[in-house]
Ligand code: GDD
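Here we start with a single chain on its own, the form predicted on its own, put down as structure tokens.
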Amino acid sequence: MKAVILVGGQGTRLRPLTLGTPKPMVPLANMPFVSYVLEHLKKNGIEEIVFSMGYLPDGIKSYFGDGSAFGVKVTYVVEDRPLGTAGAVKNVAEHISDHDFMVLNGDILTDLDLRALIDFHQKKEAMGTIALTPVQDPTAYGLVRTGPAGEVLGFLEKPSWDQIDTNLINAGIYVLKNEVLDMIPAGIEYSFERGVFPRLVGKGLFGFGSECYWMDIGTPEKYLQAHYDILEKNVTTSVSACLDKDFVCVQGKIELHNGAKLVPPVMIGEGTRIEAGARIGRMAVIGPGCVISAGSVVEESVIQEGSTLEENVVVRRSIIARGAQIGRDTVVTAGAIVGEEAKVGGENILANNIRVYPRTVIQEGTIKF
């Protein structure tokens, strides 16, 4: 079976992290996020993958190449305008039209048993099978109603509490017969959720429910939560083994000065320097080649590759993007994001979900937000 990964979106909810980096390439625990999707597919025996692309495709192409380094075969198709979830799959039809195929949204971190999903689809002789996952607050999602045999009975979009009779939502992973491609008009924006699936109700559409780990990383809050879940091994990934012994993962040679502290769970990228009196963790991921200067503290945060924290910087529950510089005695907290290669002078306070865009320069002592 072949798989189509939908990576055409601009990732607007993750800005400024996605202004210069496509969302699938935003690092998660020091690996491009979509590499976890490829790993999961390969683990489940799916080794032919088509990227359906739109926004900033070159970064994905240059990283994965033909896929051989990752043990898979990769094909790329770039849409010239947004085509929606179904339209993007129609756009790659020539590569998948010979058999049933799988479709995955490119922003989902999951350990769903894909083999079991495929087996369910084949035993039901389904036209389409939607992976379903339960959520705590069903009012924030579109719900999928199913019958006793798993047949999809209908959809309920963002209901009120008195309308709710299920907590299952579309998990963004599907197995489809190739005949479904004939239902999708070519060259126009068209969605599975509103266009294809409602037309398949009663005609062989099934839901496959699972209690697996599932996270849409499309917002900063969920992006951070995905890091916490990887660090606590709530989801099994290729980096889990590095955390096995003591929940401290050091990814290569680092420079750890006397008096520096690592508080698990924590992950440190290769080539990083952590100076005396600095404290990293708990729940912190530091990218490769970073400098964490004396007296600085990083908690529940992500510091991406090549970033520098000068003396006595505090970063809590925030994100520092690649190559940023944070000046001495600055506090970055409460959901703040500092974009790529931004320069924040000393004695600033960045808080309350403030966004600093890439390559912005903030002078010393100018923001107390």
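Residue positions are given as counts along the sequence shown, with the first one as 1. What you see is a predicted model; the values in this text were computed from it and never measured.
There is also a form predicted in complex with the ligand; it is not shown, and the following applies to it.
Novice: Do heavy atoms from each of Asp113, Gly154 and Phe206 fall within 4.5 Å of the ligand in the model of the complex?
Specialist: Heavy-atom distance to the ligand in the model of the complex: none of the three under 4.5 Å.
Novice: Identify, from the list Glu221, Glu193, Glu299, Glu232, the residue with a heavy atom within 4.5 Å of the ligand in the model of the complex.
Specialist: Spelling it out, the residue with a heavy atom inside the cut-off is Glu193.
Novice: Here the chain is shown alone; which of Ala336, Val313, Ala321, Met53 has a heavy atom within 4.5 Å of the ligand in the model of the complex?
Specialist: The residue in contact is Met53.
Novice: Any idea which of 254-262, 179-187, 238-246, 102-110 reaches within 4.5 Å of the ligand in the model of the complex, heavy atoms considered?
Specialist: One stretch meets the cut-off, namely 102-110.
Novice: Applying a 4.5 Å heavy atom distance criterion, does Tyr213 contact the ligand in the model of the complex?
Specialist: No.
Novice: Answer yes if any heavy atom of Ala3 is within 4.5 Å of a heavy atom of the ligand in the model of the complex; otherwise answer no.
Specialist: Taking the distances in the model of the complex, the answer for Ala3 is no, it never comes within 4.5 Å of the ligand.
Novice: Taking the ligand as it sits in the model of the complex, is Ala88 near enough to touch it, meaning that at least one heavy atom pair lies within 4.5 angstroms?
Specialist: Because a heavy atom of Ala88 falls inside 4.5 Å of the ligand in the model of the complex, the answer is yes.
Novice: Even though the partner isn't displayed, in the model of the complex is Leu83 close enough to the ligand, meaning a heavy atom within 4.5 Å?
Specialist: Answer yes; at least one heavy atom of Leu83 falls within 4.5 Å of the ligand in the model of the complex.
Novice: Quick one: which residues from 1-28 get a non-hydrogen atom within 4.5 Å of the ligand in the model of the complex?
Specialist: The stretch 1-28, when checked against the ligand in the model of the complex, contributes Leu6, Val7, Gly8, Gly9, Arg13, Lys23 at the 4.5 Å heavy-atom cut-off.
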